[in-house]
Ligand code: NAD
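Next up: just one chain, as structure tokens, the form predicted on its own.
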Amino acid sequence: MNVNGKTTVVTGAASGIGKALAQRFEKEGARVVVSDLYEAAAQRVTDPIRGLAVACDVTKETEVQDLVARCEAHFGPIDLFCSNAGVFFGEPDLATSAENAQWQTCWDVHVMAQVYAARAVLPGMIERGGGYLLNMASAAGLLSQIGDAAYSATKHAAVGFAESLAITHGDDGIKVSVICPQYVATPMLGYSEGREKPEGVGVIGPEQVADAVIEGLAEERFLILSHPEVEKYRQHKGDYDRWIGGMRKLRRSIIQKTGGTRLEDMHKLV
């Protein structure tokens, strides 16, 4: 897909990767709806790109439906819906130690929000003969994120849901891509918005993720990797026991060097 002239929606677009995607889509000629939990934050992104800002809590299906309705009333039918919103909490100790509420929030944001979006736009897209669902997952959805089982498990589920969409609706003219970046210099990783140079091996800026997305959309690839090395790591899972042993070793090394598994610390070592 070339997004020029297309109507696009990006959730979680007030900062980080979502903001970079919204800005890049507009630069490529798209009509952009910038959606975020906080409307004022979305508006700050929208103003320079002449888009539409819409507040939306993606964990509530009625609000996702309202987002779609407002977009279609303003710009017309949606060509591409990008479910980008995400959260990260970490875990105090055990893989089970995150609170139930945090597990539920990860599930609601990373999985159900993408279900709600697809449910809202698929009928119209199928009726028109085509459309594009662009879903944000993570390298953690292909590998694993040390220090956050809830994040890893729900990102795996997000990849699985994207696979189901592609399998079930490819013959309906629906294109599906899932984005699986590794470390990106965003507020989630402890970086100030647009003010700091990425640190650590393999840490890239959100604009580089947007570059990879534009390239992936042009080729209509299912799996979009802004970090090519992730594919190499994924191949190592062909021998699961060896891969898990390697991940245990990596976890021990991170704890030895940083004293824990805080995302803000470990990304500088990986």
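Start at 1 with the first residue shown and count on from there. What you see is a predicted model, and the numbers here were worked out from it, not measured in a lab.
Form predicted together with the ligand: not shown, discussed below.
J.: Hey, with the ligand in the model of the complex, do D36, D57 and A137 all fall inside the 4.5 Å heavy atom range?
T.: Answer is yes for this spot.
J.: S15 versus the ligand, in the model of the complex: is there a non-hydrogen atom within 4.5 Å?
T.: Yes, contact at 4.5 Å.
J.: Do S144 and the ligand come within 4.5 Å of each other in the model of the complex, heavy atoms counted?
T.: Result no; S144 lies far from the ligand in the model of the complex.
J.: Is there a heavy atom of M188 lying 4.5 Å or less from a heavy atom of the ligand in the model of the complex?
T.: Yes, M188 sits close enough to the ligand in the model of the complex that at least one of its heavy atoms falls within 4.5 Å.
J.: Quick check on G90: any heavy atom within 4.5 Å of the ligand in the model of the complex?
T.: Close contact is absent here: in the model of the complex, G90 is far from the ligand, nothing within 4.5 Å, heavy atoms only.
J.: By the heavy atom within 4.5 Å rule, which residue out of C106, L133, I78, A85 makes contact with the ligand in the model of the complex?
T.: Exactly one residue meets the criterion: A85.
J.: May I ask you to choose, among V184, V121, A158, A150, the residue with a heavy atom within 4.5 Å of the ligand in the model of the complex?
T.: Result of the distance check: V184.
J.: Just one of 68-76, 121-129, 92-100, 174-182 has heavy atoms within 4.5 Å of the ligand in the model of the complex; which?
T.: It is the stretch 174-182.
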